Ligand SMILES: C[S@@+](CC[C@H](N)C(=O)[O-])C[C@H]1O[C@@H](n2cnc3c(N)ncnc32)[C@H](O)[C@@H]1O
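Given as structure tokens, the chain that follows is alone and in the form predicted on its own.
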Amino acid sequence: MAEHHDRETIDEWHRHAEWWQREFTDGADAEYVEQIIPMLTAALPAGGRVLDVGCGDGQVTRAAADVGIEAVGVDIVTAQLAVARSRGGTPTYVRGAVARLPVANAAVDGVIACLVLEHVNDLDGALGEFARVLRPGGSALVVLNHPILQTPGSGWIDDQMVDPPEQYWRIGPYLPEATTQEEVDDDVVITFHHRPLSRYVNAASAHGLHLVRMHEPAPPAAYLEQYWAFDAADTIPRLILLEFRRAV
């Protein structure tokens, strides 16, 4: 069953690789430029080797290398790795699955998983691999679409039928785990695995990865201007950063 899901994931992201590269990389996406990349580079260890898991075109991998890290990108999709290598820089790239990383035990000082785990069927396998490849005391930086605020069926409600009109963020079913296929753009359907926040934290802890910091940033200004047309947007985080430390 895991192999079946892996094949589906590979096919899905291979089909949509060009869309992802066009819409979210190489400076195209304000959220990556203004928030995600600065947030991750600020949290990286000082030196050493870092593995960027599910690296896509390598934009986060290159950013890690730019601050003096020996950066290695891993992705299962050859169409992503080809673009990552073509965009240059000092990182190296290898093909591999999140739950079967092609890296030796205790070989890296940090792991990055940026907007990856919500697309991974085998969460426990992935976190077990993070723990395996990290050196004792190493850190895992996990960026997620916020599990509470990005539940299936959540979204902004602009209700003009009441007096006075109401605007609010509706939260869908949060506690049940769910797998959904969402059309995120014209003819682009992506699989998401919703899990409550406790599922991530407890699964990581079971593998010796202990939560040391959690960051819920407000959406950056340029993102709000581009996508969100409501007054309270800066009070609702889209993303969450979880920083785990491998037990010594």
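The first residue of the shown sequence is 1; numbering continues from there. Small disclaimer: the values here were computed from a predicted structure and weren't measured.
What comes next is about the form predicted in complex with the named molecule, which is not displayed.
Colleague: The named molecule isn't shown here, but in the predicted complex, which of 171 to 179, 73 to 81, 151 to 159, 134 to 142 has heavy atoms within 4.5 Å of it?
Modeller: Heavy atoms within 4.5 Å of the named molecule in the predicted complex occur in 73 to 81.
Colleague: Answer yes if any heavy atom of residue 35 is within 4.5 Å of a heavy atom of the named molecule in the predicted complex; otherwise answer no.
Modeller: It does not: once the named molecule is placed as it appears in the predicted complex, residue 35 has no heavy atom within 4.5 Å of it.
Colleague: Classify residue 108 as contacting or not contacting the named molecule in the predicted complex by the rule of any non-hydrogen atom within 4.5 angstroms, answering yes or no.
Modeller: No, residue 108 is distant from the partner.
Colleague: Classify residue 96 as contacting or not contacting the named molecule in the predicted complex by the rule of any non-hydrogen atom within 4.5 angstroms, answering yes or no.
Modeller: Yes, residue 96 sits close enough to the named molecule in the predicted complex that at least one of its heavy atoms falls within 4.5 Å.
Colleague: Is residue 60 close enough to the named molecule in the predicted complex to count, meaning some heavy atom within 4.5 Å?
Modeller: Heavy-atom contact with the named molecule at 4.5 Å: present for residue 60.
Colleague: For the stretch 109 to 132, return the residues whose heavy atoms include at least one within 4.5 Å of the named molecule in the predicted complex, in the order they occur.
Modeller: Read in sequence order, the residues that approach the named molecule (within 4.5 Å, in the predicted complex) are 114, 115, 116, 119, 120.
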